[in-house]
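Alright, here's a single protein chain in two forms, structure 1 and structure 2, each given by itself as structure tokens.
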Structure 1
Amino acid sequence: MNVTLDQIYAVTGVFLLIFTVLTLTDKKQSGKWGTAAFWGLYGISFIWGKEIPPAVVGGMVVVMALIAGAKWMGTGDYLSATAEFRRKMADKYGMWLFGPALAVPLVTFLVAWLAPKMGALIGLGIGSIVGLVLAFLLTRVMPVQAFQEGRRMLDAVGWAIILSQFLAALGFLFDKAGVGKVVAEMVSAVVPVDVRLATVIAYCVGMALFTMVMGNAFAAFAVITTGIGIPLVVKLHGADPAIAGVIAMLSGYCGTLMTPMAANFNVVPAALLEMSDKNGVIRAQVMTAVPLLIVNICLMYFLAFPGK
């Protein structure tokens, strides 16, 4: 069986369109039309994005941005079970409830290992479907309830759930636009590039700061590595690119821990846990992120320059 990424995207789009239909039929949904339009357009882009002219897709993105900016999205009635019923079911199934969740990474790993041409991303999609099927078999709930809970999560997080996707695309555009060269010129003007430690600090801190702006370490990596990592750390001072690159990426993750732009890591948990402080997750992570960034600087300085 050869599953393609386009097929995984199509399944994701179908789920989003189902959420859209449930939103339209929910009499208690606030911001019904805005919410339905947002998720509907998003679902259409997943299913038919390649067939739709790029200009039209761009227009769809603009409409989604207008809906989010105008705060036309809301929440509804998801027919969720009571807390007492959930506790009863938790006591009944016990640790078996973790089975569907654990199936997702397990299947992802197996697909990436046994079918490397398909890749981990397709494995993640297959694993998610397997986990959903196992959840149905375990709990015996109606499938519509899964869609209701999925819709509840999307509405709780709102537009921010797709922020990482937009930021990754923005990072690609920045790289193509030559932002890396501009970063290199700026760093060279303020950092003594002939001092190895200074370039290492610029690389690691730059990754963290740019990740905080972009909300995505992968997007930041392309720009900062092009502007600082390759010309200064690798070519000028002879760092091992494999070691320096890995540590730089981890430095970017330090920035992920400290920014609301990393919505899937910091905003989503706060929304799902219904925390009163939307930045509570970030506040709890700063005392881990800053020391780890310092450790990364030391690791790169002492490990990425073999024989020097």
Structure 2
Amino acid sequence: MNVTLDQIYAVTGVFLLIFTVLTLTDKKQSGKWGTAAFWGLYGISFIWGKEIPPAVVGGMVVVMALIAGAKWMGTGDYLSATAEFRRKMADKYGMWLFGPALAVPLVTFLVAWLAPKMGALIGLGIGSIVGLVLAFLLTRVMPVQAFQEGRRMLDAVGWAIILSQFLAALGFLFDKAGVGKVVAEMVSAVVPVDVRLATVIAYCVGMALFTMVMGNAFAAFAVITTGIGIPLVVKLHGADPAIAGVIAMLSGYCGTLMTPMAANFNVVPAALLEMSDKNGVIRAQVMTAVPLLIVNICLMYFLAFPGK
């Protein structure tokens, strides 16, 4: 069997179009047209993303951002189960309920391990389908209700689900504009570059701060490493690029813990967990992230300059 990432994207797109139809037929849906247009456009980008001219996809992306910005998205009536029903079913199915849930990561792992050419992303796609089929077999639920439940969870997350993709696009534009070079000049003007520790701090703190702005350590890494890491830490002070690089990336992850821009890790979970404070996850993480960033600075200072 050979599944491609494009096929997984197509299935994702079909899911989104089903959600769109359910939204349109939901009489109690608030923000019906905005919500339907948002998930519809998103579904189209998954199915035909490669066929549609990039500028048109760009236009669709702009429309989606405007819909979200205008607060035209809402929630509907998902024909959810009552608490009594859930309690009764929990007693009926017992531990079996964990089967389909655990099948998703298990299949993901098996595919990544046994078919490394397909990899974890395709594994996740196959695992989700396997989990869904197992859930159907176990509960005998009507397929359409499965998508109602999926839509319930997706509407709870809302527009935040596409923020990561937005940031990747922003990083791409930053790179094209040469933002990294400008950063290097500015840092050299402020930081005493002759002092090794000062450059290490600039590199690690720069990664954390830029990750907070970009919401994505990967996007920040290219900018800050070209701007600070390579010219000041590696070239000027002779750091090992492998060791400095990996510790810089981990410093960036400390930044990821502290920013609402990392929507997938911080904002989406707050929504998924139905927390009243949208920044509650970040609030929980700051007191871990700051000491850990200091530890990373020390690690780079003491480990990345072997024999110097």
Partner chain sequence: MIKLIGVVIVIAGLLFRFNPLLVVLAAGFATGLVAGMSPLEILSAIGQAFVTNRYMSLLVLVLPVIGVLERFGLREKAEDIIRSMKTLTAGRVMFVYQLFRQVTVGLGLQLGGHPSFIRPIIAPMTEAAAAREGVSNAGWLDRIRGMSASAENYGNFFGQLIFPAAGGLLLIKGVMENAGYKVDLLVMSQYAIPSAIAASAIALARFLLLDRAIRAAGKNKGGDRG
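For clarity, every value in this text was computed on a predicted model and none was experimentally measured. Take the two forms, find the largest set of C-alpha atoms that superpose within 1.5 Å, and that set is the rigid core. Residue numbering: sequential along structure 1, first residue numbered 1.
Enquirer: May I ask which of the two structures is the form predicted on its own?
Expert: The form predicted on its own is shown as structure 1.
Enquirer: With a threshold of 2 Å on the C-alpha, tell me if residue 117 counts as moved between the two structures once the core is superposed.
Expert: Yes, because once the rigid core is superposed, the C-alpha of residue 117 moves 2 Å or more between the two structures.
Enquirer: Has the Cα of residue 222 moved 2 Å or more between the two structures, judged after a core fit?
Expert: Not so; residue 222 is displaced by less than 2 Å.
Enquirer: Determine, after fitting the two forms on their core, whether residue 71 shows a C-alpha shift of 2 Å or more between the two structures.
Expert: No: residue 71 shifts by under 2 Å between the two structures.
Enquirer: What Cα shift, in Å, does residue 85 show between the two structures once the core is superposed?
Expert: For residue 85, the alpha-carbon shift amounts to 3.9 Å.
Enquirer: Once both forms sit on the same core, give the Cα displacement of residue 107 between the two structures in angstrom.
Expert: That residue's C-alpha sits 4.3 Å away in the other form.
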